[in-house]
Ligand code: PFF
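Shown below, as structure tokens, is a lone chain in the form predicted on its own; questions about how it binds or moves come after it.
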């Protein structure tokens, strides 16, 4: 541990961190986005590439973030500054921490609006407000939900208040206690929905769709989507995992903990697919329905099911809990920094942060109604928050993090923190130095769209070949052995 790190609250055990980090990862991305992008990009082939990307990019980057957090025992800003200072590196690297903290806060500013949809639909399901006989009618219900600033603002405010109430109670009494029942509850509800799906008539088709590999169904665009989702689903480069890592007890294995989170996150994503696709197939609907799969197609399918209202309520309770566990994690970095550096209590830091968050999220909420005409370069405020965080801040932050760990800092610090055998440590270092940066760079270049304009749809393969050539050349260099021994 670095010398100026202060005593810090820790999780009661390794599983406290696993549940909290899995809760951060298992948000709307798993239950809302994963099923529809799987449908868009070919099913089983997409799933296989996604799993490979989790191992090649997600796990090494997550291990690095957790190691930074535990080594520095502070918010992203303080932890990176301390670890960089220990290695004699420039304090300028702490800007990565600032970007991560700001990124998480900006994501949450529009995420509470999306999370509000989940709570609103739970209420509609309970009150019978989801009565529609076609996808068009369901689309009209979804549009009406967003057109009222009072309605949409109420639900996003409810998410904000619930998030701050939990975070304000602290790491153990608030976050750890909440996720200890929300995460198991979510898995139980998914299992119940899967059990129903097994007898719905569409389960066999769902299994074939998710787990049958057809190489011809996966495009280079699908591969990039799998890579991007693997990176973002684990809440990387947004300050959440690094901050949660700062509460991890020193005796806990970072490698085993990371693998536990990655496996849990992936299992929940696949369970979501097994819960949703049988219902879609049994009702003759299209799996590639895009973002409307959850809020338009699925409610229509629930209406046609025996006990559909009951299972619809279960589904939206689960979706609301998934949204809440993620929102908790995204604000924790800001609250942690305020309590560590400004000498204020956690409760004050939480509610003060909540007020600022509410003001910014209100602007994002108004993008759907009163502020629909307020655009800059064709984008609403909501769209700009999404664009800046997902296409710029997260890829740049993730790239900076692995380059700092792999090339700038002393290798010995990570040897001590990770506690891996020499062979496994060499593998981690290789992934962090070469494989993960290449993967993140591909996400970043794809988001900018520059390479696609120049080289068409085959540009990812060109970048991959250039990356492999670079890595092979580096492996042949005697510098590599000296670097690994540093």
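Numbering follows the first chain given and starts at 1. Just so it is clear, the model here is predicted, and its values are computed rather than measured. Definition used throughout: the rigid core is the maximal C-alpha set that superposes within 1.5 Å between two forms.
Omitted from view is the form predicted together with this ligand, to which the following refers.
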>> Each of 200, 209 and 279 having a non-hydrogen atom within 4.5 Å of this ligand in the predicted bound form: is that the case here?
In response: no
> Here the chain is shown alone; which of 28, 51, 435, 420 has a heavy atom within 4.5 Å of this ligand in the predicted bound form?
Replying inline: 28
> Among the candidate residues 232, 247, 142, 121, which is the single one with a non-hydrogen atom no more than 4.5 Å from this ligand in the predicted bound form?
Replying inline: 232
> What stretch, of 348-356, 326-334, 293-301, 184-192, brings heavy atoms to within 4.5 Å of this ligand in the predicted bound form?
Replying inline: 326-334
>> When the contact criterion is heavy atoms within 4.5 Å, does residue 240 count as touching this ligand in the predicted bound form?
In response: yes
> For residue 311, is any heavy atom within 4.5 Å of this ligand in the predicted bound form, or not?
Replying inline: no
>> Quick check on residue 111: any heavy atom within 4.5 Å of this ligand in the predicted bound form?
In response: yes
>> My question is simply whether residue 402 lines the interface with this ligand in the predicted bound form - judged by any non-hydrogen atom within 4.5 Å.
In response: no
> Is residue 230 one of the residues whose Cα moves 2 Å or more between the shown form and the other one, with the core superposed?
Replying inline: yes
> Cα of residue 63 displaced 2 Å or more between the shown form and the other one, core superposed?
Replying inline: no
>> With a threshold of 2 Å on the C-alpha, tell me if residue 425 counts as moved between the shown form and the other one once the core is superposed.
In response: no
